[in-house]
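Listed next as structure tokens is one chain, alone, in the form predicted on its own.
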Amino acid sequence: MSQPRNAVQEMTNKVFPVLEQCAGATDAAGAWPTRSIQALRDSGLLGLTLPKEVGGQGAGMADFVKVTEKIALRCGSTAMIYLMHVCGAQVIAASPSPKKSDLMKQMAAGKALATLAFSESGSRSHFWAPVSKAARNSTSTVLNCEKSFVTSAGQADYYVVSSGAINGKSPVHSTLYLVEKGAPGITYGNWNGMGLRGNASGPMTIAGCHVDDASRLTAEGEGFKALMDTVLPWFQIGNAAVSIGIADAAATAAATHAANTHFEHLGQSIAESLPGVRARLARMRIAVDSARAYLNQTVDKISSGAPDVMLFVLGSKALAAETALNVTDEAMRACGGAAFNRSLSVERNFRDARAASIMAPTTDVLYDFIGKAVTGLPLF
């Protein structure tokens, strides 16, 4: 179900001016985008995909993709924070936890920011296979996890944490838990990324953290199912939207630069003078629009339950990530020194675009999955 377009537009209109003002400073300082996140809280967008009965907007994937792409067009760091929040919110909404109604109301009201805590150094980009193990005592479950990359680490209010299932027999036997900010036993590391510098994607240590049964977000050992059914589709399409937004920002900035920057001795703009630059601009625009069309087709297939939907879910992130790499590279070349000395947003877009291809599941892993799928081999 989608919100009326004017309702979503009204929410985004409250956020975009703040993102445009803050994105450059957020990147330069590598600082958490406090004003941008507050704007998201105030706008109602944290509850965009949550049910209306808890105060959310009841929007579906199509609106989520549009909003996320437009956020990324302005600030990649804020877009990644938003993507992880929505993924965490969807897991909570789908969970059997008796806490979920109150949590969803908090998120819909902008009072709570969620995120995912999956990646571990022991399983690297195989985020679906935590090597940490939960233990059980007489009153609670005890978590001991070393998470390597957690977006919004130390900033989010709620963390959806994966851990190997108690007495689990294989790496895919996992359980998801809800851990609150400030819970005993949690410490956060620092983040100093090449790109997406404001998203606080640092390590998180969970040592001897006791969680009650109401904080279990899946049945014991059913974490992998939640990852495949809920996290994977929402994360894949959202991550693709982030990459497309970043690529579109670079393509737009390059076109504007080429049209408005002149060779004074020739009396012509760069665009008028250099057919090679015009060709680059054309390639960028075609690539961005093609990736967006593929993503929109993927959303349609998810909505209709198409039999080949998994191929498109896997392909959406792979295509968008590689598109962002290529487009931002073209934009750097088209803008030359103006991009290299950081006088344009293109250099920031170039660095932000590097993340998606190496973010789990990486492009190489996705290509392997797609290759298995088209040849009839099991993915796992």
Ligand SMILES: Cc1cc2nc3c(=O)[nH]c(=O)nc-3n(C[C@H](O)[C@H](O)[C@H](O)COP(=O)(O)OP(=O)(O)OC[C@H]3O[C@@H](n4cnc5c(N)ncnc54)[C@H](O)[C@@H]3O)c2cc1C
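For clarity, every value in this text was computed on a predicted model and none was experimentally measured. In case it trips you up, residue 1 is the first one in the sequence shown, and so on.
The same protein also has a form predicted in complex with this ligand, omitted here; what follows describes it.
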property: Any non-hydrogen atom of Ser243 within 4.5 angstroms of this ligand in the model of the complex; result: no
property: Contact test in the model of the complex: Ala25 vs this ligand, heavy atoms, 4.5 Å; result: no
property: Contact test in the model of the complex: Tyr177 vs this ligand, heavy atoms, 4.5 Å; result: no
property: Proximity of Ser201 to this ligand in the model of the complex, heavy atoms at 4.5 Å; result: yes
property: Triple contact flag Thr115, Ala355 and Asp364 to this ligand in the model of the complex, non-hydrogen atom at 4.5 angstroms; result: yes
property: Answer range among 122 to 130, 257 to 265, 298 to 306, 100 to 108 for contact with this ligand, defined in the model of the complex as heavy atoms within 4.5 Å; result: 122 to 130
property: Proximity to this ligand in the model of the complex, single hit among Phe224, Trp234, Phe149, Tyr158 (heavy atom within 4.5 Å); result: Phe149
property: Those residues of 181 to 198 which, in the model of the complex, come within 4.5 Å of this ligand by heavy atom; result: Trp191, Leu196
